[in-house]
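Below sits a lone chain in C-alpha cells, taken as the form predicted on its own.
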C-alpha cells in the first residue's frame, strides 16, 4: 500500500494506483476528458493536472503513480489557472451552439466550463470548418466539436479486426478519421456505437435520437441483449414512458457490441422502430422490417449457396 496526502486528507491505495484513483477514494473531484477506466491511458488532454509537492511541473493525475509520502493539491491556484487555460484553448476552436447541441446537459466540456467559470476564450485565430459527416443512417460526426481526446480511437481498437478510426494529418489540421479520411459510411465501420458512447462532447451522436429529447428529459433503463452469447449491455431511452431509442452502455473490454443487437432491441421495445438499411451500390437504402426479416428468402439463398451460413 502507498500512503499519500491529497488536499490535506490522508489516503492509502494499492501500489500501482494513480493519483486520480486515490482522489476518487476520497471523493475528490478531478476533471477528465481522455481518461476512461476501461481504456488504455494516454494523458493527452491534461485537464486532470494536479500539483505535487516537490515536482517541477504540474502532472496528469490519470497517469501519475501514487507514491508513498506524496503530497498533492488538486485545486491550487496554479492547477485552476492551468485548467482554465486548457478550456479556453479548446473553446477557441469549438462551436458554442450549446442551445441546439444534442449533447446539451450531458457534455463534459460544458460541465467543466461552468465549474471553472470559463465563459469565453482569450485566444483568437483560425477555426475548423469541417463538413458534417451524416451520410450513414446511424451516426453523425461533427469534427468541429471534436476535442481530440482519442477515446473513440481506443474503444474501437479494443475489438479485434476493427480499429476503424485513428488520428490523421498534423498540427492544426489534426483530426480523427477513418482510413484515407473517408466518410464513416464508406469505411469498415459496423456502426456499433462504441465511439458515440464514450465521446465526452457533441462530436459523435446517434442520428436516430436527433431532436427527440434533451438529456434531462430522457430516462435510461439498462437492458441486456439476448440475441447472442456475448450479452452486451444497452440502455432503453425513455421519454414520457415511451422508448424513443436504444443506445449502448459504456463498452467493456472483450464485449464487441454490434449493430444487429441494437436494431433488434429497437424492434423489440419501440412502438415505431426506425427502418433497417441495406447498402446498394455504395449507398444506404431504407428497407422494411418485413423484407429484412423474410426468412423464406434467406433460406432460399442458403439452399442455393448464395449466403455464407457462418457469417449470417
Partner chain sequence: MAEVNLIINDQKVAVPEGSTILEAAQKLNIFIPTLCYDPELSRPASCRICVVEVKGSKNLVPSCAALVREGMVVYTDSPPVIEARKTILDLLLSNHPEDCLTCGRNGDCRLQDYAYLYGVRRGTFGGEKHSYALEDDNPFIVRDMNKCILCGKCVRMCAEVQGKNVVDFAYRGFHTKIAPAMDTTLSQSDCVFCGNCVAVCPVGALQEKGLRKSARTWEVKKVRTTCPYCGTGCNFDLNVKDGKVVGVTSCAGEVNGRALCVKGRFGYGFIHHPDRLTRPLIKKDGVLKEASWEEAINLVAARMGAIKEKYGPDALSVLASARCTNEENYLLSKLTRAVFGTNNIDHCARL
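Numbering follows the first chain given and starts at 1. Remember, it's a predicted structure, so these values are computed and weren't measured experimentally.
Here the subject shifts to the form predicted together with its partner chain, a form of this protein not shown in this document.
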Which residue among 80, 132, 221, 179 has a heavy atom within 4.5 angstroms of its partner chain in the predicted complex?
132
To verify the annotation, which of these, 113, 204, 198, 147, has a non-hydrogen atom within 4.5 Å of its partner chain in the predicted complex?
113
Okay, which stretch from 185 to 193, 67 to 75, 97 to 105, 160 to 168 lines its partner chain in the predicted complex, with non-hydrogen atoms inside 4.5 Å?
97 to 105
Flag residue 119 as yes or no: does it have a non-hydrogen atom within 4.5 angstroms of any non-hydrogen atom of its partner chain in the predicted complex?
yes
Proximity of residue 242 to its partner chain in the predicted complex, heavy atoms at 4.5 Å
no
Answer for residue 213 alone: is it within 4.5 Å of its partner chain in the predicted complex, judged on heavy atom distances?
yes
Any chance residue 156 has a heavy atom within 4.5 Å of its partner chain in the predicted complex?
no
